[in-house]
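In the block that follows, a single chain appears as structure tokens, in the form predicted on its own.
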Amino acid sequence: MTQRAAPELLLGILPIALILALWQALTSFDMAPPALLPPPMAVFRRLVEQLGNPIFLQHTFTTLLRLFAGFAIACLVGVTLGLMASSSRVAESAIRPIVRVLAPVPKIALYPAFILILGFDHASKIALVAADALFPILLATYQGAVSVEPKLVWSALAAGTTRRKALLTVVLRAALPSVLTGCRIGLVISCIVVFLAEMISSTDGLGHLLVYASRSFETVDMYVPLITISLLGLSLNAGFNALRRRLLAGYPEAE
């Protein structure tokens, strides 16, 4: 694992370095007007300045609050419904049509309804994040749970374990790799959706900062929230991968 880490890290950095090089080339050779595409160093310099700005940090905290709240709701509901559908034909019959109808629907189309019902503040944005991240987690949990060897459950029930306890201690643990994969996808979706929701309708958050800067023709400040959410996404993904490796220690999938 350690021997592969360095090449994988370099392979991951290479595309980012190429994008930055292309960005720098476009600005250096005047292929894009500075008023529309500022040099990357100007953007990163402004980002460093903003990291010491309490107002910018407050907007970042607001975005993270909405992201984590929506993601936590999606995890709780998605895992619960996935386990229910895998263990009960009645629950599966009730959940399957809902998934088939709502899963393909772009959840951003529901955002106006969320705003009308929940208002313009945190609740509507958290609801949109939860709705968008829910289905990958639910489907991954269901697929992982139905793939668990039935003999494991029968053995637990024969040993006197209750069905609910067997579902949590046997099925959920065996399906954990699939569940965490769904959660990882849901986390990436949450980063995208919370930013998009703040761009559409918000008076705070990183998405609001981007829209406000673009309307004010402050192009450097416009790119700062975009870079920030990208860095947050990378950090959250790295942190989740570390947590996943820790939780899956001893699993064949983690080898």
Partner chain sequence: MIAIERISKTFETRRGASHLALGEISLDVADGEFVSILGPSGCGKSTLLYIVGGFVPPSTGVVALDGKPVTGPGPDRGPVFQEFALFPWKTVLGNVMYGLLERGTPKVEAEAKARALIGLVHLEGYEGFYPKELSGGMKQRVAIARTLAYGPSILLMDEPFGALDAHTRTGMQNELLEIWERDRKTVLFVTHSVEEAVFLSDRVVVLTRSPGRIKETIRIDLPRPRRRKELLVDNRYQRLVVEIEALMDTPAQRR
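Keep in mind it's a predicted model, so treat the numbers as computed, not measured. Residue numbers count along the first chain shown, from 1.
The form predicted in complex with the partner chain is left out here; the points below concern that form.
Colleague: Only one of M84, I73, L157, A123 has a non-hydrogen atom within 4.5 angstroms of the partner chain in the predicted bound form; which is it?
Modeller: Only one listed residue qualifies here, and that residue is L157.
Colleague: Decide whether A91 counts as a contact residue for the partner chain in the predicted bound form under a heavy atom distance cut-off of 4.5 Å.
Modeller: A91 lies outside the contact set for the partner chain.
Colleague: Taking heavy atoms and a 4.5 Å cut-off, does A174 contact the partner chain in the predicted bound form?
Modeller: Taking the distances in the predicted bound form, the answer for A174 is yes, it comes within 4.5 Å of the partner chain.
Colleague: Quick one: is V77 in contact with the partner chain in the predicted bound form, heavy atoms, 4.5 Å cut-off?
Modeller: No.
Colleague: Is there a heavy atom of R164 no more than 4.5 Å from a heavy atom of the partner chain in the predicted bound form?
Modeller: Contact with the partner chain, no.
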